[in-house]
Every structure is written in C-alpha cells, then in structure tokens.
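First, one chain by itself in structure tokens, the form predicted alone.
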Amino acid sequence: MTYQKIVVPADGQKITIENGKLNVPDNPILAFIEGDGIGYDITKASKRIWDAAVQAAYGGQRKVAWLEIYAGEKAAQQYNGDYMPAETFEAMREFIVGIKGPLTTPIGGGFRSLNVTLRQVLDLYACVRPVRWYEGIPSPVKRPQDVNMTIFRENTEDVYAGIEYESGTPENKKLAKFLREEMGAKFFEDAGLGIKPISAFATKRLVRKAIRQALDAGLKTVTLVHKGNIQKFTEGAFRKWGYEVAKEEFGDVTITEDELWNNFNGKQPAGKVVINDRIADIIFQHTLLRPTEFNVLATPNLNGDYLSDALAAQVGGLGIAPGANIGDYIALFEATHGTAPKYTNLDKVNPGSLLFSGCMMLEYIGWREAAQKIEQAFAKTVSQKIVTYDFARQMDGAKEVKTSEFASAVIQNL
C-alpha cells in the first residue's frame, strides 16, 4: 500500500498471519506512535533499550525495522490538523503489531478520546495489563512481591461505548420520554443519560482470551470481576456468559470454584484452571489482603479501568505499568499513563511503562529472550539506585538521572 506520510522501512519484512498464528520474520516491521508530551523522551529512550536488548539476545540475527505512524499532535502537524489520520489505521492493519506513547485528545470535539478511537476502530477488544513488582521499586504495601496478576479488560462496550445524551438536548428529552412513558423508568428531571451495552459476543471473546492466557502460562485462576449483584442484566450477564464460555469451550481444562470444593475438597487438580468470580467492590480489598489468590482478572470496561490503576499503585505506580490493546491478531502496546505536558522535552520522566509495554510486544512476537534481558537489566539498574526523579524522591541514597541517562544505565546492565 502507498502512504501519504508514512515511510515503510526498506530493510524490514511484514509480520503475517499463517494458520491462525503470527509469522514473524527476523527483521519484522513494528509500528510506533511517538506520543504527545513526554512521548518523545520515553519513546526515544525505550527504542534504544529495545534495540540493544534484541542485539544482546540474538547477536545480530534479529533486528526490528521501525515504522513511524502518526496520531495526536504530531499527526496534526503532518496531516494539516488531522489528529487521527486514516492511514494510521491502515498501517496498523497491514503491519499488525505496534506500540504507542501517550496521546492527548484535542479539546473542542472531533474525538472523545484518541486512545478509545484506536481501540474501537481497530477492534482491539482486550486491554491487557500485567501487574508485577520489580525488586527495589518503592511501593506503599508491605509485600508488593505478592502481586502478580494480569487484567483482561473488555475494551469496546460498557460505558466506554460512548452512548450518552447531554441534559437538555432534544435527543436526551426524546430518550427520557421513551424511558418514562414506554418503559416505566423513574429518574430525576434533566438527568444526563447513558446506555451501558454488554453483549455475549464481546464478553465471550474477552474471557476466551483470558482463559487461553492462563492455560498458556500455566496459571491457576481466572476471576470474573463484575457488579452483577446490582446490574443484573449487564454485569450479571458478563458473569454468566464468562462461565458459559469456560464450560462450553474449555470444559476439559477448567473447573468452577464450587466444583473445586464440592468435588476436589479444595485441592486443585493438575492441569485445571479454576474459574471464579468476585463482586467489583470487594475485589479491591481482596487484591490488597490476599493478592496471591488471583492470577488473571477478566472485567468489563469500567471495572478494569479502576482496577488496573489501583493494582499498579501497589507495585510502584502507573509510571512502570505496561499495557496492550489486542484484537484477534492486531496488537497495539501502549504507555498506560498520560502525557505529563509540564515535563515535555525535559528528559526527566520514567520510561518504565512504555519500556515494559515493549517487553510485552517482544513476547507477543515470540522474542521472550530480549524481553527477559530488559526486565533483568531494569531491576539491576533500580537495585543500583540509578533512577529517575519519581523513584529518587522515594528512595534513600538514590542517584537521580535523566530519562536518557536511565536508558544508558539499563543498556549497560543488559
């Protein structure tokens, strides 16, 4: 395909899909969106580390060919004010795997959120957020090492579907009239109104992906997180459909929590994943008090938004929290924090969130050895107390360094 602004690297090859799996060449083209605000600093630093780790892991036999695509403020500069050019979507469809820095949604209309737009247009229905602690990183909890979970958050439905009507508008009044007169609903006058769709289709494909992750990684539990005690026909249905897909498609390798206790006296059989569920509000207490009981959490959109940030706080904060938006094959990895505009071009912030999202990307394409080298080098660098300002202010005797200097230290420790 011919692009207007995107330049495809001549030294790379496309990732393809063969027999339902990624076919990754030794010189894959990986897309990246630099991001707004601090995006330039953390993307530049992270790319240096990713490239150095690939070199260290494979001795030159493998190398990434980077393809820059555009969204946000840099896209607006390149495409005459267009913050989300159509060819960005086309490039992701063509090259399949990419990573992005944080994006600022423009004020004044056009997009509710650039991030949500990317997820919905590309149908990246699973927001995947692994949460684990690295030794030496400051944490507000006593045993952050007990936190090792992955959240699968449904990305396309729930309140994030954006079906809402502003108070006072003709559309709002029309819906309010229908709800009151036809459906017998009761609510205050002039209320803003929103619709919360949760479907069997979207629920089952998310839970399916979560269960496969647990099976592939040899994990013990998949927990359905919901508020079904109150929202019975949306979040309650999420719970019901989650159990259904486990039984119908994975019945030979999964058991419910009830079956665990009734049939096996609480002793988990080898090779079986336990499917259980927890109410959304209580899961916050459980992940604080009993984090070792949870491996994979599957949630509707809003629950996952809250929970992923709360869990990140237990292991050091959003500054090191990785994430990905994944569809059937297309995957866009991302920094999970914002653009921090007051630090733009100051070479100051922690690149950890984007860096570890890149580790997820390397694992996704099967380059686990390079990802492990980064994780080990990062932990070693922190143990040497060479850190950016966010950790330095929480650690005694730390050496505060710039983003670029931290990247150099990690590379030295590869």
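Residue numbers here begin at 1 and follow the sequence given. Treat the numbers as computed from the prediction; the structure is a model and nothing was measured.
Note that the form predicted in complex with a small molecule isn't included here; everything after this is about it.
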Candidate from Gly81, Pro269, Gly338, Gly194 lying within 4.5 Å of the small molecule in the model of the complex - any heavy atom: Gly338
Contacting member of Tyr306, Trp241, Tyr343, Tyr134, with respect to the small molecule in the model of the complex [4.5 Å, heavy atom]: Tyr343
Interface membership of Val349, the small molecule in the model of the complex, 4.5 Å heavy atom rule: yes
Any non-hydrogen atom of Lys100 within 4.5 angstroms of the small molecule in the model of the complex: yes
Contact test in the model of the complex: Tyr389 vs the small molecule, heavy atoms, 4.5 Å: yes
4.5 Å heavy atom contact, Thr256 to the small molecule in the model of the complex: no
Stretch in contact in the model of the complex with the small molecule, which is absent here, among 25-33, 48-56, 349-357, 376-384 (heavy atoms within 4.5 Å): 349-357
Three-residue site Thr156, Thr203 and Ala210 fully in contact with the small molecule in the model of the complex at 4.5 Å by heavy atom: no
